[in-house]
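As a starting point, one isolated chain is supplied in structure tokens, in the form predicted alone.
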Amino acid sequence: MHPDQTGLRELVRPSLRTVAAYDPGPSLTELEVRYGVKDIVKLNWNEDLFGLLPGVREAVIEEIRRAPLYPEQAYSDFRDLVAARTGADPAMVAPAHGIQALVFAVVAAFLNPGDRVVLPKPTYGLYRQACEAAGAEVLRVPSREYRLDLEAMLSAAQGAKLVFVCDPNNPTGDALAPEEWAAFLERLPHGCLVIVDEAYADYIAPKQRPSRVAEVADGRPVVVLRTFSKLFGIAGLRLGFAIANPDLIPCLDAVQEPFNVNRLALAAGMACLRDPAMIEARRRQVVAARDGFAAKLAALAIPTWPSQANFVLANPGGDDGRWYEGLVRRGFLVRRGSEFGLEGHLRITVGPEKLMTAVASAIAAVAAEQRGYDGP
């Protein structure tokens, strides 16, 4: 090793030297080799399993011919359509290549080393990674019986710069009632901004969600993050947006690279938004499959926490690693609850009814295997 290379890591910001990068885990190819299984179904990342919405494929193909051009007009068109569909002003919308990019943009825009950030526990792990990388002091507030402990979060928020709220929360699927949210926001300490990740909010009936866009428009201390990776099913194209006070949008744009969303993603996103009836039909389809799967698990005496997302948090008990391996061997990849501090749990993405019937059968087989016999 060249002598000058030995101290290269010392050039990295101190807060980054101990932060682990996001680890996506083993690939499907690695798992198929390890377990001797082919065609594993991914139920671990909450990706959409229902297929592209009508018109998305055609919109992407049509947009390819414009690939040589920068997407400045597509940005404006996308922002205008998002505004029309959400009730926001276009000046409140900041496009980005997914919520992950927006989380890092928010952190870059607002946090200085030493600033305090409040996170629920468990929740989406990227919040903690991004805040620790920025040198922030991260306070994690344990949930109570799968629900966010809003009282404890408010207490921890005294002197904090940011509070992150994932609603519905990942990995529990639990959602805040509008009155709970209103009371929380009313008591948020002065000088504190709440970042609301609404990645899974599209699975809630529109009239049952908190009206956060109106709150942003009224100047409340709220930034909303939205994605097209879940209900809209284009996770591979990477598209999301923030809704924030118009005074904040230039700051968010300043810490993102210019035109950081490609034309194909923007075209796909606009195709997703054009037909509200189509969106509602897909939402109902996912909800029916999710609730039907939860009923199947209940019939197996496996409890689940009521979910408002596209996944179910199941509590089969015992060693969730054994459940995980048993399901992988049967061709289904789920998420171990122990990764979130929820030992004995499994987080399972919901797909079409036929698929979930097969998943329930595999879970029944693993249960029988763990009891020491092959069947009833």
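Quick note: we count residues from 1 along the sequence shown, nothing fancier. Note that the coordinates shown come from a computational prediction; the quantities given were computed from them, not determined experimentally.
Heads up, the form predicted in complex with a small molecule isn't pictured, but that's what we're talking about next.
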message: residue 181 versus the small molecule, in the model of the complex: is there a non-hydrogen atom within 4.5 Å?
response: no
Review point. Though only this chain appears here, would residue 94 touch the small molecule in the model of the complex if you measure heavy atom gaps against 4.5 Å?
Key: no
### Message
in the model of the complex, is there a heavy atom of the small molecule that lies within 4.5 Å of any heavy atom of residue 104, even though the partner is absent here?
### Response
no
Under a 4.5 Å heavy atom criterion, is residue 305 part of the interface with the small molecule in the model of the complex? no
Note: exactly one of 296, 209, 128, 238 sits with a heavy atom within 4.5 Å of the small molecule in the model of the complex, namely 238
If we test each of 221, 233, 98, 135 for a heavy atom within 4.5 Å of the small molecule in the model of the complex, the one that passes is 98
Only one of 192-200, 284-292, 141-149, 211-219 sits within 4.5 Å of the small molecule in the model of the complex by heavy atom distance, namely 192-200
*Would 45, 166 and 229 all count as contacting the small molecule in the model of the complex, using a 4.5 Å heavy atom cut-off?*
yes
